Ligand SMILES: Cc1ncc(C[n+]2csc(CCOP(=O)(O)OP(=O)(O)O)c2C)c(N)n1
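One chain comes next, on its own, written as structure tokens: the form predicted alone.
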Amino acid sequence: MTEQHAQQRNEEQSSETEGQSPETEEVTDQIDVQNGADSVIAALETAGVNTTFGIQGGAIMPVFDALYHSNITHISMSHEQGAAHAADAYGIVSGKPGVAMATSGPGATNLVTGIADASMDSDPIIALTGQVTSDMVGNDAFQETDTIGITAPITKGNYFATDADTVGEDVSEAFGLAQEGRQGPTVVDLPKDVTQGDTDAEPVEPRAPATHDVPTAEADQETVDAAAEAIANANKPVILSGGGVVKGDASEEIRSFAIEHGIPVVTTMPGLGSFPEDHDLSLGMGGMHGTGTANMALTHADLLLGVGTRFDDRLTGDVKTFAPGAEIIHVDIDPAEISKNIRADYPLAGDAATVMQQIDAATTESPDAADWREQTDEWKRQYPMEYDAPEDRPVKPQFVVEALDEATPDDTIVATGVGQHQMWAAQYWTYREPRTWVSSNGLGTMGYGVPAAIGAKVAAPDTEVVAFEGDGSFLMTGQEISVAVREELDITVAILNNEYVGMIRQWQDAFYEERRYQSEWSWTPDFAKLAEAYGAQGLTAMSYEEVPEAIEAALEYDGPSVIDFHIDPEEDVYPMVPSGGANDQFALEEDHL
């Protein structure tokens, strides 16, 4: 912003708000565009953005100053990584792209983990990063880093703004690209001279760039018809419902099709909630820590309808042994995913909901799968998700997950960090609705849970939000609890504390002759006192009797609570398919590995 421009704005604002304190100054419905920063915010307003997450800083200050005059609510996080995760979770829960903001240099690099996380899970976020002035780029100026170069491999597209007259279009295009087709993160890097430059350019509606190939919603009808015939002729069909079903709002199509034709359903971890797990046709989650029933069904099916899944290694194990006798129907919005890992006999590129409607219309006969359903029921009896809970042992983590599930509404949103606690939360919570599972599925980012819970709660303020964390995972981003306190967010954080980096310890025991190097801590902070220091309610539960009491106290409290559950430190996550193994060779205990 030029000095003349700044003086003019100050005079105008002074005239408009004479007699008002900054706290009572009214903002306008749409920001009055006078410079590049205003244009950035106007583009967000036009896109319908009402919340952003981030941290102030030198190079991004003009954008924050413009934000001050907007109706958009900004949530200041404790760390930029937390901002990216909160924006990510906001997008998952709301179905609209989340927005993260940071300054140049360390602000931008601190966002990178969150951007990479969003990229791996195809979550739509827009990262706005400050940058040094254009004439200083490449001079190693203070807090300069090559944000475009760093983020190019982990974004759908990134933009280096060059002109105040076009920076708003850059933001609109980034927004459109993030949500178009297969969703994902985008970045707009904002040199300070661009955001301070004069312009009166009006904002435009979000749109993907003309060079972006927009995928068609409908799949090839001839292939759809062939796939429908294969479904009707199958005797052992399975639907594999992935994260693309959630993002494509295709859960109802999956549910109605499965029920109409009596086809059992396995979900991937990102697909949790896309099919109600309390339905008889649900076989649970498949893959490395999936149920025995799901993995047996995937292995022995003669037809697999995979929808919105990229068949990643944690799901398939050894691809040579994945669904070896099945014909594969693969529905995905991204043609590049089809036959990338698992060869598709019926490749159906298109929108998940639209293609499922096509398949439903073309499937005039149901498969003869009564015997198959009896078989899957037998596997449910043979491989139940059970655990021992002797009274003389520390609390089992599975008990904590089930107790919280029972105490909260069916539509409760579950956020998690990464580690053993993530798997117990996936295995022992009953997911019934889409957009209730918020986790780092692909990148496996420890510390995702607490900032994600904040983003989820902001997106759905009237919905219960529970975050599961491990003690190691919580220590990475636990300071974000201070944000929940400041913003008066009523969330519950359940720390499953075993004083280990648990999943590493489990693998060391199984594959490294029990050498627990750098995973065994034997001490952790008093998390309840730590929570209280941040201003949250802190609780501790060390016995089975104390678990329900702590949960009740947390849910009754109007504000953030942290419960430090001291769990059995030797508990492991099972079933488990060893990395690269066959899905039907899952272990139910360490001796089976």
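Quick note: we count residues from 1 along the sequence shown, nothing fancier. A quick note: this is a predicted structure, and the numbers were derived from the prediction, not measured.
Omitted here: the form predicted in complex with the ligand. The next part is about that form.
Residue among T195, N441, S473, Q131 with a heavy atom within 4.5 Å of the ligand in the model of the complex
None of the other options qualify; the answer is S473.
Identify, from the list I504, V204, A232, A460, the residue with a heavy atom within 4.5 Å of the ligand in the model of the complex.
Of the listed residues, the single hit is I504.
With the partner left out of view, is W429 within 4.5 angstroms of the ligand in the model of the complex by any non-hydrogen atom?
Result no; W429 lies far from the ligand in the model of the complex.
4.5 angstroms heavy atom contact with the ligand in the model of the complex for Y500:
Within the cut-off, so yes.
Touches the ligand in the model of the complex: T416 (any heavy atom, 4.5 Å)
No, T416 sits far enough from the ligand in the model of the complex that none of its heavy atoms falls within 4.5 Å.
is_contact(T492, the ligand) in the model of the complex, heavy atom dist at most 4.5 Å
Taking the distances in the model of the complex, the answer for T492 is no, it never comes within 4.5 Å of the ligand.
Of the listed stretches (166-174, 120-128, 357-365, 463-471), which one has a non-hydrogen atom within 4.5 Å of the ligand in the model of the complex?
Answer to the contact question: 463-471.
What are the residues of 432-454, in order along the chain, with a heavy atom within 4.5 Å of the ligand in the model of the complex?
Read in sequence order, the residues that approach the ligand (within 4.5 Å, in the model of the complex) are G444, T445, M446.
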